[in-house]
Each structure stands twice: as structure tokens, then as C-alpha cells.
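Given next, in C-alpha cells, is a single chain: the form predicted alone.
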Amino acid sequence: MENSPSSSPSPVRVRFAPSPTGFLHVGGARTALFNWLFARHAGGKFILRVEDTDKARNTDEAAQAIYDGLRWLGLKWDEGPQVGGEFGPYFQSERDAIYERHLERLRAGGHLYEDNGAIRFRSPRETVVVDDLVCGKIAFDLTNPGTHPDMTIRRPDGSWIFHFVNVVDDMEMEISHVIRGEDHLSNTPKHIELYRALGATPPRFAHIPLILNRDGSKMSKRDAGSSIASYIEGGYAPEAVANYLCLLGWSPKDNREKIDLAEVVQIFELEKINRRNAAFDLDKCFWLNGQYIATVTPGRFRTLCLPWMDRAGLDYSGRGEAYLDAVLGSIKEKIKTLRDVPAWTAFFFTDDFPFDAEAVQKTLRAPGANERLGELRARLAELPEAEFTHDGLEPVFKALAAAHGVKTAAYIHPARVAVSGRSVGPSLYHMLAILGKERVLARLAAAPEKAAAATVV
């Protein structure tokens, strides 16, 4: 017997149904993303349903981590917890009455029997053909009870088995397509048997490839990069992570790796999902994150950076968006994660910034450094305010270097450490222009004393 599509198309309704027993895993997030993409492409609904029947392992914190992770990725659900909807409740723990009703339907149809306190479903013993949108048609022979025993519907303690409540929920919520990991493919023929016993037409199935590590092993919760929370805490841009997750089993077919979700929505089709397993590469995700940060719009970059600046206690109040955007724009192509933002920008917002010990020893305590800072300060003091720009500052440094027969770096390096406390940072001329003439002169004057007082190990 074959699972084939119905003759009349129904509205697209898909669901992501995680268990709140831990953090949101990359595999789960990728499943949620593919469901969301398919729903948005088809103009359908994306439903979040929480499978929380495992009372011993489920926690409110884990459920919140799922909500936070999905929202961080930009995957807004149309129905579910914290949103509501006409097909609720959206927690399995609140749906007992619904399960009882369908259990009685199966019992009345002669599909159930008791076995040592457990309730089992009597398989019709047939070959079930799953017509999968990704994997193609696959026949499952369920005729042998030795290899395919009757499945348990309810345990002796009264708790429900996943297979039964999963099918009932998909029926009740009118799910049109079940998009899930390939590890569930072997369960699908048993689910189809339940659908038919309950008099329902099964949804279309699409089993997406597993995510494997570089060594070919299945990605587990212990592997680096397996938790969406690790990207949030690691300072990744959510657009970059969502982009990378798209590439785990799907591609735009033109060798592009950086592609916005809005465009993916337009071209996403289940039939275009790769059949082979996806290889997870954290280095590639890290690279892609750098690409996003370097090219994101100033307004979006500001939105991404401010939480990290707040966390570090940076006081940017009263500076204005133009100043903030100038500061952040100067570091955009330098940093790789948003975690770097506070260290690269702190000196823009306070004159009480720390000096890097190694930079002090190598640069400010080098022979002639104080004299060069004095020469530079004297020359910059003569520079009109209107010329305190990148184009106006560069000739000053070059002229001083030429006059003393040294490389420009002999003035650039001590100036950088003097005004920022660091040996690395944004383009020096841009940095000085953003800080402004008054602050730069004051910092150049104070640098020798601060360098002398700095602790160098």
C-alpha cells in the first residue's frame, strides 16, 4: 500500500516539534529552518509544537532556549507557545483528552490489544510504500512480526508513546507536510499505518539528510558548534548562522555560499534538498560570519553590536547614531565575531582605557617614542579642525617621517597605542578623525606618563 499525495492540494501547514530536554541543537534548528522556508515559500503556516511528555527530563529553561534560539535565527512561528492559535494546546502535556479520544477510536476499530499492562497497535501486516519528497519511493515490509513487532501506543504507567501522539497531533493540527530528519524515516511506515487506522490521509513526508561531523560521525550534543546558544554567546550574526544552516543539505545551485534568507524563501523547494548527508564545518560557518559582519548595513550592524557593548558596560549615551556608526564602521571589516566589539571600541567612549602591556613595552617604551609623540602632537595642534580627517591626517604623518628619515610606521605605531592603548585596531587616520582633534591631542600628551605607570610583566 502506497503513501501518495491527495488529488486536491491543501493549504501548507508544517510544524517543528522539539522536546524541551536541552539546548536547541543545530540539527533541530536546521529542521525548523527548512520547515519555515517551505511554509514561507508556499504562503503557508509554520507551527511550533512542544513535545513535553517526558516529564522527568523536560524543563522550562530548555523550552525557553528553544524559543530564544528560533527567534534569534529569525524563525517566527505562526502558531504555538507564546503565540496561540486555533489548533492548540501546543504542548503535548496539555493534550491528554485528545489522545484519549483517538485511543478509543482505535480500540473501537479493533486495532488495539493489551499486553502486560501496555496498549499495543495491531499492525495490518502489509508492505508500506513511503513516497518521500526527498528520498523518493521506499518500500517497507512490515509483514514479519519478528522484525516489526506491534508498536506500543501507551505504556503500563499510562504515559504515551511518541509515535501515537505525534500522529494524532499532526492530524488534529492539519499538518500537510512533515519535514524532519532522515533518522525518522524508518518510523514513517508505522505512522502511516496509524493514520489509516484512524481514517486519515497521511501528510506528505520529506526526510532531510543527517548532519555529520568531518570524520563522518553523526553530530551529537557534545560536538563543538552543536548548540545554537554557542553561536549566540559566541558573537555570531544570526543571518550568518541561518545562511550556513541552509547550506546543510540545500544549495542555490550556482556555487554561492552567501545568500540572504529572503532570497532562499523565493527559491526553496523540498525536491531540491540533497539526498546525501550534510557535512558540518564550523570553520566555514565562522568564515561566513565574517563575511556578513563586513557587509551588513550600518543600522543592522549597530543593532547587532549594542547588546555586546551594553554587556561590557560601555557608556555610549549622548554620542548619537552618527558617532556610533562611524565608530562601528571603522571596525566592521576587522572583527570576526561580535564578541570582539567591546575591546575594539571601548577607547572611543572613555579616556580611562587600559594600555596593553606588550604594546607599551614594544612601542611606547622604545627609544625615541616620547619625542615622536611630542613632535606629532605639535604638528597636529597646528592642523585646522576642518582638516582633521583621514585625507588631512595622512600627509602630516608622512611629512614628519620624511623629515626625520624614518618610515611612517615610526609615528603610526606609537600614536595608535597612545590614543587607544592597543597595537591593533581600526585604520589609524580614521580612528583619529572619529576621536576628534581635542581628544587626540589630550591623549598624545598623557601617553608618556600612562606608559611609564603601566605594569609590564
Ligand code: GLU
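Keep in mind that what you see is a predicted model, and the values were worked out from it rather than measured. Heads up: residue numbers just count along the shown sequence, starting at 1.
There is another form of the same protein, the form predicted together with the named molecule; it is not shown, and what comes next is about it.
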Should F162 be classed as touching the named molecule in the predicted bound form when contacts are defined as heavy atoms within 4.5 Å?
yes
Please run the contact check for K336 against the named molecule in the predicted bound form: heavy atoms, 4.5 angstroms, yes or no?
no
In the predicted bound form, does E51 have a heavy atom within 4.5 Å of the named molecule?
yes
In the predicted bound form, does T363 have a heavy atom within 4.5 Å of the named molecule?
no
Verify the flagged residues R15, P18 and H184 against the named molecule in the predicted bound form: is each one within 4.5 Å by a non-hydrogen atom?
yes
Of S123, T345, S176, N166, the only residue with a heavy atom within 4.5 Å of the named molecule in the predicted bound form is N166
Looking at R180, H111, H102, R95, which is the one with a non-hydrogen atom within 4.5 Å of the named molecule in the predicted bound form?
R180
Within 4.5 Å of the named molecule in the predicted bound form, counting any non-hydrogen atom, which residues from 212-226 show up?
none
